[in-house]
Ligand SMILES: NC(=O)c1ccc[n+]([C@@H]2O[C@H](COP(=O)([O-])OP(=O)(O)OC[C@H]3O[C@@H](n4cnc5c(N)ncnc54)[C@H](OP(=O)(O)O)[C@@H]3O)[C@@H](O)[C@H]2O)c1
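In the block that follows, a single chain appears as structure tokens, in the form predicted alone.
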Amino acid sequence: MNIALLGFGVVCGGVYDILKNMPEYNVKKILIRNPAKLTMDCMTLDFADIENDSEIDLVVEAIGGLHPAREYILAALNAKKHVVTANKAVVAAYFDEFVAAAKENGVKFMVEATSGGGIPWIKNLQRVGRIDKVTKLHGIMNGTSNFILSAMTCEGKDFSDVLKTAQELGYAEADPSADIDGDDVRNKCAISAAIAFDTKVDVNSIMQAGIRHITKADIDWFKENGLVCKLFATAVCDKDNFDAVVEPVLLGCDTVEANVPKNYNITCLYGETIGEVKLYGQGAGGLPTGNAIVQDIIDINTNNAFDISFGKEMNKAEIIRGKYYIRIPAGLENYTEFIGDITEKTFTLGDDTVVVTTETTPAKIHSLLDANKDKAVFVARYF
């Protein structure tokens, strides 16, 4: 099988390192952007060299972002080449378009590497879906945020100090917004829910809250009360309705998810006959993510790849509910307008006020966040 790589960074570098030991797979072309990095005969600066090469069977896309990734993926599919991608942002935004183009051209579009890194998450959602209806899923799907929360919990450090360490170790980017604000997890949640529930999911309909404003005081209070905070993707379905949200959650300290350390991920699904299934492993990195891409390549080459289709029309509804911990910074007085009718108890934490709510929906809580985006409000749902 002849393969083209779009990009030659951490992920495609991992793919290349794995495939070079597998003689039945040949990396024929590698698209790069920087002319100074044309160090191999197979490298090119022109995507047309890949699109118009009839000998190339499959394209791996890992350049990231929406554009030109979308255009490259569609061009490859329309040229009747299989596509395997690790780009969760472009898949979350244009999933149904890619699936339709693959079907029209009789090729495969595979996304294992978008969600969960090296964890075989997507394939197991598909396997379970052959027999069971998947009714809900949740998980830790971002290694950066989990590294930060784990270090704050286990080492008692402040958020800013741990974030700096994560950046020094290469776990966090110079601009960590996508990881700590939940953008990355929201993309993975949209992809996972679409696969699990066999329906189109608008990524922009998924409410999100991140960990940017969590403090050592929050972590200390959680520990005193037998709780651990993790950033979760959660999605559920009920008949023809589904719901999904990304936000910090509070777990009992003895739960499996509460004890996922460092930059590891865990994904969990619930099927009607199989029950609960949890998958644990490295959620990012060149070789783990490269492994997921190569698994997709092998499945395509051996005719073992699952088809992706969105066969169900489902409605986005308010199904997820729970109590919330909300820390209100000193000076923010309008919070009662949003949550006054669901307040169960309040107490002070330093100069701030903490509200624990009665059971409610994410929409109720996120209305407070949306109205106070410039304030350091932190929320977490009791899971």
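Counting begins at 1, following the sequence as shown. Quick caveat, the model's predicted, so the values are computed rather than measured.
Only in words, not in the display: the form predicted together with the ligand, which the text now covers.
Peer 1: Going by heavy atoms within 4.5 Å, which of 82-90, 302-310, 218-226, 255-263 lines up against the ligand in the model of the complex?
Peer 2: Only one stretch qualifies here: 82-90.
Peer 1: Going by heavy atom distances of 4.5 angstroms or less, which of T336, T348, T39, N34 would be at the interface with the ligand in the model of the complex?
Peer 2: By the 4.5 Å heavy-atom cutoff, the listed residue in contact is N34.
Peer 1: Of these, A363, A371, V10, I18, which has a heavy atom no more than 4.5 Å from the ligand in the model of the complex?
Peer 2: Exactly one residue meets the criterion: V10.
Peer 1: I'd like to know if A62 sits close to the ligand in the model of the complex, meaning any non-hydrogen atom pair within 4.5 angstroms.
Peer 2: Judged by the heavy-atom cut-off of 4.5 Å, A62 is in contact with the ligand in the model of the complex.
Peer 1: How about A284 - does it come within 4.5 Å of the ligand in the model of the complex, if we only consider non-hydrogen atoms?
Peer 2: Yes.
Peer 1: Applying a 4.5 Å heavy atom distance criterion, does P68 contact the ligand in the model of the complex?
Peer 2: Flag for P68 set to yes.
Peer 1: Flag A244 as yes or no: does it have a non-hydrogen atom within 4.5 angstroms of any non-hydrogen atom of the ligand in the model of the complex?
Peer 2: A244 lies outside the contact set for the ligand.
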